[in-house]
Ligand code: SIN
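Heads up, the chain below is alone and in the form predicted on its own; it's given as structure tokens.
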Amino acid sequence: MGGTIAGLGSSPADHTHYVAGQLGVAQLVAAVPALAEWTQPLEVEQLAQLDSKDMDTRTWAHLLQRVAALLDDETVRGIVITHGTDTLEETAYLLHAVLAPAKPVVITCAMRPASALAPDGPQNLLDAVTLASQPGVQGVLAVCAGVVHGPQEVQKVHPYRLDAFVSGDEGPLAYVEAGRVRQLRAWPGGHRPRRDLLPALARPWPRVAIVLSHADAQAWMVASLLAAGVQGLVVAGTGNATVHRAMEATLEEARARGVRLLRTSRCALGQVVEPSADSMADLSTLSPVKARIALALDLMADAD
């Protein structure tokens, strides 16, 4: 899909001003000697070539359609997706929510471009292929710096460090260590896929936005979204998903107009405890960016 793992900078010391998505996936695989000697057949396919900060729904729809087809192919044992780090957690959650794969779908990435003096992409790619080839592994997984994260928990929390991802209170699912997978928790699964939404995903998505509650939050923040025709709002509240009083009346107005509201916390760790029974919005334990995807999927399902 592109990303930093396929990026090139002006010099080996350039870790911040590089251009993402410059090398093809075949070049990435060829740069890892261990993959050239891999005993199981590897096939490579270029679906997109972009900086993941610019991810869009059209690219997501293409990825989902292709991954769904590969999952249905009995000759395919597992899938590895190279991806930029900025929106990796959103792509991981979307794949998980829609496809709920019984086979491994492993997303990997890099924090340094391929042109760096010591790039981290080759090891991450090798770890991802190792993970995807292990018997018993299933579901959407993200692997970076030897740590395996689940699609619902994974979050990017650092803009530069090689181990930029965490799994919150739940902790990682596994580690990839010297070519071996050490599992800590159960692989993701347990919910029904929503493949019936694949046609809707290829069309324009419902307008769903995230509004952040913070000190000195104002009603116009919600009012402007209403004027723009928003269909769903994720309210990223402070602390225990609380909302600034200046926004409450406008959010109630939004709900009265038929806008779907979903409330979550902007805190990176923990979950909302004992929410108010008269809350103006349904509660989500997901991060705001993943809650936005979940709400959009629900709106698509309602429309169909």
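Residue numbers run from 1 along the displayed sequence. As the structure is a prediction and not an experimental result, all values here were calculated from the model.
Separately, the form predicted together with succinic acid exists; it is not shown, and the next lines address it.
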Close approach of A110 to succinic acid in the predicted complex, 4.5 Å, heavy atom: yes
Proximity of S52 to succinic acid in the predicted complex, heavy atoms at 4.5 Å: yes
Interface membership of A296, succinic acid in the predicted complex, 4.5 Å heavy atom rule: no
is_contact(K103, succinic acid) in the predicted complex, heavy atom dist at most 4.5 Å: no
Candidate stretches 230 to 238, 85 to 93, 122 to 130, 192 to 200, one within 4.5 Å of succinic acid in the predicted complex by heavy atom: 85 to 93
Heavy atom within 4.5 Å of succinic acid in the predicted complex - qualifying residues of 1 to 20: G3, T4, Y18, A20
